[in-house]
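Shown next as structure tokens: one chain only, the form predicted alone.
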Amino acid sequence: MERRSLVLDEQEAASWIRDGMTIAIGGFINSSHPMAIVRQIIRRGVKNLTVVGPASGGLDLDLLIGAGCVRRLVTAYMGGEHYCPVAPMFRAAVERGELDVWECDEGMYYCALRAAAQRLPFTPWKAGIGTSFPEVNPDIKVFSDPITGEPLLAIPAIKPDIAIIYAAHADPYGNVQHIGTGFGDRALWRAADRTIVQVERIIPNEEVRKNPLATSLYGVDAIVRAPYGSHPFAAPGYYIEDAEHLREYVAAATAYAKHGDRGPFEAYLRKYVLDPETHADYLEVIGIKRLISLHEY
């Protein structure tokens, strides 16, 4: 049987995301986010999403929150490291009671994804006993181990409808290879019903088979080719983060978080998200000189 290409453009991939879904977005703080698809979700005006971020979430999620796409967020951290310890639009939305945060630490986060991957209702967990986690997150229950009688936490499964992941390259048939660790992307892929992977390059299947041990994900449902697709965040093996752009975003978002002035954030949205219709249009706004400069380590 002839193999079927799974390649879509970012507009087709984003059309899979509908109001009220639970989606997972991979990466790690300032690296490896599927930004071509994230911006397309905002352009489509999707609302009321439950977003499962990475265990350490970054400003890609902050942009989605500021654009009004997110109702509930699952992550153990939200910030931009030295750019901003706490993500501005995230902080503002929580303080104003506009965002429901599923409180957890990193261990609980992975327990929830593991339970979903194993089709179990929960994962038992020892760490966290004696803390206030069951009070601030009523989904987490204390129960007695039926064998030893000791108290344990039941961390309920969190099952994304779709995981959206960034990686270096893939063949057209859903075999994906990261450069670097891939952070927690494998856990999101295992837990989700379907997975879309956005890559810098699509390579022949023969190239994948030359180094099969590098294949980090397989059997994914769609591949999106988007060069510079993680910009303004880093892409291991391709480019570093765009520090100037990230500072521009943080300044715009902080104007709202600290002073209630949403004008700079709306201007950012118009310039970089809403006016460019496609990922290629976005790259033209950024400019070739800036993009090429990011290859200089």
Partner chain sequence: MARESARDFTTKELIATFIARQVRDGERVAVGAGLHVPRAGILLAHLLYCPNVRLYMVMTFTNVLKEPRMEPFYTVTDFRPAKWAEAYVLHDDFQENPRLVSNMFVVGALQIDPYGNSNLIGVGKDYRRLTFRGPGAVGTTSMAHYVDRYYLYVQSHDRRIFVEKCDFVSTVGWGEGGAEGRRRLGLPDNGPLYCITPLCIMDFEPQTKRMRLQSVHPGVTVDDVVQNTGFELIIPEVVPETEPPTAEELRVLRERIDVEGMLRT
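Numbering follows the first chain given and starts at 1. What you see is a predicted model; the values in this text were computed from it and never measured.
There is also a form predicted in complex with the partner chain; it is not shown, and the following applies to it.
Contact annotation: K159 falls outside 4.5 Å of the partner chain in the predicted complex, judged by heavy atom distances. Interface membership of L269, defined by any non-hydrogen atom within 4.5 Å of the partner chain in the predicted complex, is ruled out. Although the partner is absent here, F28 lies within 4.5 Å of the partner chain in the predicted complex, judged by heavy atoms. Contact between A252 and the partner chain in the predicted complex is not found at the 4.5 Å heavy atom cutoff.
A heavy atom within 4.5 Å of the partner chain in the predicted complex is found for one listed residue only; from P204, G219, P212, P151, this is P151. Only one listed stretch (191-199, 165-173, 220-228, 132-140) carries heavy atoms within 4.5 Å of the partner chain in the predicted complex, and that stretch is 132-140. For the three marked residues, V86, R96 and F183, a heavy atom of each sits within 4.5 Å of the partner chain in the predicted complex. Scanning 237-260 for heavy atoms within 4.5 Å of the partner chain in the predicted complex gives G237, I240, E241 in sequence order.
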